[in-house]
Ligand SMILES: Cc1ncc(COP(=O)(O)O)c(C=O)c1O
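We begin with a single chain expressed as structure tokens, specifically the form predicted alone.
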């Protein structure tokens, strides 16, 4: 198994951090990178937009400035993450912004196409955006219920795609199910969408950093995700892949997306580089300094190795859960398993709070499931301790007596 503990700020033993799917741990190189941001700002001021030292790829000989940093990081780190060619990836502030931009582009909505096919298991960034644009643009949402097993019904997705379909949205890994859609299933959806001249967008947020991805093999027109979770890039560091040759002109874009931004023309002119059309107003730069430090570690370790490690650790967690008599609500098969193990438990929120008092950090959703993800900083002993504590708590009902702090927020 991989053990990258020494590269992250890991809580002191015996604490066990299992919430990589919510917010990854901080890589130990991040403080130095943030100091470099402060130095660049202090020493160069506005000229930093044109040129700063290449802290991200020292020795590469590439000139980098704040103005082009979203593309620079897209080429250097996001493209290798996705198996994508240079010139197709760019950093974004968050996935919600990107999905809104996609739905604002007129190109997919031609020849009577107004339907958007998506799973009811999609994250709100997709579902909310679809309904918002549907109300404004006369679009027809096609939400598809999950199957009887609680997972995506791929055949129903395929059946829903028609000549009226403009977009198909699917999650690579479900955020409340932990289900990883197999490559063959995603490829089949892409083929059906393309036969009907529809576009296919994969939301890879919960796959990013824990699953090896080849966007071209999957057939995705667009792939979106973020580095906040397993990739340990914190907030403000989402990304977008747009298939080479695909033309999209989002109406929702900013002056950074203009072909001649410093011409300050009265009418917008889309940038010739399609990926840059998804920029907004002035880019937030500070977050880009710490964006790829975790991703760098995972790429160096090899994403196939990270995936193998994740499967081994989640397999051990499933074994421990079954031995404790717990109900698994995420897939058991390796091909369909993401980095999360999801357990159906009563009073999950209270159990999550009680586990925190024992130094075991998990996450709950809708008070019905407990989510955990042993990742590259976790050991076998971490997993075994987690389930020993969990089993003891459930036997004694200790969590029934937990009172959440008055200042507690919604994030678990």
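As the structure is a prediction and not an experimental result, all values here were calculated from the model. Numbering follows the first chain given and starts at 1.
Same protein, other form: the form predicted in complex with the named molecule, not shown, and the subject of what follows.
Q: Go through 140, 194, 164, 96 and name the one with a heavy atom inside 4.5 Å of the named molecule in the predicted complex.
A: Exactly one listed residue reaches within 4.5 Å, namely 96.
Q: Name the residue from 278, 241, 200, 205 that puts a heavy atom within 4.5 Å of the named molecule in the predicted complex.
A: For this set of options, the contacting one is 205.
Q: Going by heavy atoms within 4.5 Å, which of 101-109, 118-126, 242-250, 260-268 lines up against the named molecule in the predicted complex?
A: In the other structure, the partner sits against 118-126.
Q: Spell out, yes or no, whether the shortest heavy atom distance between residue 229 and the named molecule in the predicted complex is within 4.5 Å.
A: The answer is yes: residue 229 has a heavy atom within 4.5 Å of the named molecule.
Q: Can any non-hydrogen atom of residue 175 be found within 4.5 angstroms of the named molecule in the predicted complex?
A: Yes, residue 175 lies within 4.5 Å of the named molecule in the predicted complex.
Q: Only counting heavy atoms and a 4.5 Å limit, does any residue of 313-341 reach the named molecule in the predicted complex, and if so which ones?
A: Read in sequence order, no residue approaches the named molecule (within 4.5 Å, in the predicted complex).
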